[in-house]
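This document opens with one chain alone, in structure tokens, the form predicted alone.
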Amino acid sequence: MIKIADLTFNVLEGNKKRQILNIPNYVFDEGKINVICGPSGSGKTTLLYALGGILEISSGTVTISGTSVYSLKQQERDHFRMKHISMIYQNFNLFSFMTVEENILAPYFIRGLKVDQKVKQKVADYLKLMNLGKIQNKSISALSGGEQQRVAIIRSMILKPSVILCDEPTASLDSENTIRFMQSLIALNNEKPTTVIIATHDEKVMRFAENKIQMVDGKIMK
């Protein structure tokens, strides 16, 4: 479960302070597809980064599975994020010099975890679930944008994180691939329920939301 309490984030513009986030309290639906929508500049992406422990917030708390993220020291927070949170970015952040399988297994390599045949079979099963077939040894650059996005989804879920944060994940996809992206994300989430939070202005994504959150001027509208 993700809880926000008295969360604010301010920036200095010259000698003046501008408030980017001001959220007194909110609880995200656990194991659901949560979609944050709102106009550009409403604070959607900033809220994602606050939830991911990436920002230095001005005040308040973010609690994930009982852990107060901003009570942790920086190194502890980085470790917590690595263990419990995955992010899907607009530009996918895949490695062009790696194969599909190597990209998916990057979280294992970063953490120094063992990759055995059972893990490789899990990659194959996820690729099948995503209708990608046997492409483990293909170069990432050989895939279409929609295929790369589905690989990014698999990579984000391969270690079964507690939370997946998605920042405008369909901005570079056409309508068909946007729908396929959401269907694939839901399919994987049905397999292993994870709290998914998507920041978007894409109305096609909003249709798939189990919980829709409207943001205006850094505030969650109730």
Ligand SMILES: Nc1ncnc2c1ncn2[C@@H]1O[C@H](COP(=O)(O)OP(=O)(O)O)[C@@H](O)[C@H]1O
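Note that residue numbering begins at 1 and tracks the sequence as displayed. Note that this is a predicted model, so its numbers are computed, not measured.
Separately, the form predicted together with the ligand exists; it is not shown, and the next lines address it.
Partner contact region in the predicted bound form: 34-42, out of 34-42, 61-69, 156-164, 173-181, criterion any non-hydrogen atom within 4.5 Å of the ligand. With a 4.5 Å cutoff on heavy atoms, N189 does not count as touching the ligand in the predicted bound form; it lies far away. The closest heavy atom approach of A209 to the ligand in the predicted bound form falls outside 4.5 Å. When contacts are judged by a 4.5 Å heavy atom cut-off, R18 counts as touching the ligand in the predicted bound form. The ligand is not shown here, but in the predicted bound form it comes within 4.5 Å of a heavy atom of T46.
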